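Form predicted on its own, single chain, as structure tokens, below.
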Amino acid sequence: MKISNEKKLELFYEMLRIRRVQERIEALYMNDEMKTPVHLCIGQEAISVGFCSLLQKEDYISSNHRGHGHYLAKGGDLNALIAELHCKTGGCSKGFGGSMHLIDVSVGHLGSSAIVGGGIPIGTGLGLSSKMKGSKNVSMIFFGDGAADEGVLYESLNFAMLKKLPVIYVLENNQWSVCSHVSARKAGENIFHKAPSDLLFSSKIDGNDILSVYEIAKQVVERARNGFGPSFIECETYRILGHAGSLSQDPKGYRDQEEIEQWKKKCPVINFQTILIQDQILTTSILSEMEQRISYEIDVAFSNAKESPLPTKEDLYTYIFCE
């Protein structure tokens, strides 16, 4: 598939932006001003950018606890994200949700769930909604290898195949569920790679190669939008930092440092940057301009978050349904 140089720079910029946002969160997290657990997606940026870049504003995504990249890639407001991490009213969840419960219906982000696998049935239901309404909207679900252990995935995929729903299941296999390696939880390949192709399109790809991600995303989004049913894409990747919090909070000993260093060499951002420079698509001046623009945007977001007010006692009674 031919991808223009302009699109390549756009994909790189979005990955770089998510990476720098995550790095700033990690650097400031121990200041204890962000009163929420955070789960960073450093090393996984190609997946969120590659897939969300093919979605329209009206399409849906359902995310999980490691969802900052999904939110930003879908068009979420950086100011609202950082305010939410500070539990302020300027946040996308008005300070009620924190990092693990981001939501912004204005850009088709229908919520993140802290329940492992919790977003899978929700995203499947959104696909059912699209089909019942006769719309062309696609539903995309992001979940990790820990969520792939949950029975709800099997139930949801079966239902999506049965009803031929426009749902794309994106498994971000970053090898670790908290401190448990994927090899300790799975026997062989995932069963859904063997589903009949007329019921479920399935593929396993390098989730750190942005061009490969973009290519498969284009294929499955078009497939879903044209009524050919669900897809299941496993993206092999790696979370460079720990399960939650900052690097200093990651327990020692459960991961081999050599394993981490090997995956750092597969960094989606750095490797794509190298390719773009070698192909004379990205210059040092363009890169410098990108870095300055992103840094300024992040500075503004953190400044706005500090100025945004905290929810009041009266706000406790807002958004509560009663009869």
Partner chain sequence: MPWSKIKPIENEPDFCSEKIKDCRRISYHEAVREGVYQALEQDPNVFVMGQGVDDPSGMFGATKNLHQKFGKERVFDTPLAETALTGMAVGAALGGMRPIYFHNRPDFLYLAMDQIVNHASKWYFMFGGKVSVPLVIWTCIGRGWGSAAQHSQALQGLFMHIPGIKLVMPSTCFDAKGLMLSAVKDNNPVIIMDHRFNFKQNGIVPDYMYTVPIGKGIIRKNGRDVTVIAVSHLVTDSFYVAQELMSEKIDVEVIDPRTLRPLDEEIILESVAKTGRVVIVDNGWKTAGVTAEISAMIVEKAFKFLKAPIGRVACPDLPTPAGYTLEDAYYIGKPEIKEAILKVYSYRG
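Keep in mind the model is a prediction, meaning the values are calculated, not measured. Positions refer to the first chain, counted from 1.
Here the subject shifts to the form predicted in complex with its partner chain, a form of this protein not shown in this document.
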Look at the candidate spot formed by 165, 166 and 260 and say whether its partner chain comes within 4.5 Å of a heavy atom in all three of them in the predicted bound form.
no
Counting only non-hydrogen atoms and a 4.5 angstroms cut-off, does residue 203 reach its partner chain in the predicted bound form?
no
4.5 Å heavy atom contact, residue 149 to its partner chain in the predicted bound form:
yes
With a cut-off of 4.5 Å between heavy atoms, is residue 34 one of the residues that contacts its partner chain in the predicted bound form?
yes
Spell out, yes or no, whether the shortest heavy atom distance between residue 136 and its partner chain in the predicted bound form is within 4.5 Å.
no
Though its partner chain is not shown, can you say which of 239, 131, 223, 101 has a heavy atom within 4.5 Å of it in the predicted bound form?
101
78, 116, 195, 107: which sits within 4.5 Å of its partner chain in the predicted bound form by any heavy atom?
116
Specify the contacting stretch among 6-14, 296-304, 20-28, 311-319, defined as having any heavy atom within 4.5 Å of its partner chain in the predicted bound form.
311-319
Since the partner is left out here, which residues of 270-302 would have a heavy atom within 4.5 Å of its partner chain in the predicted bound form?
none
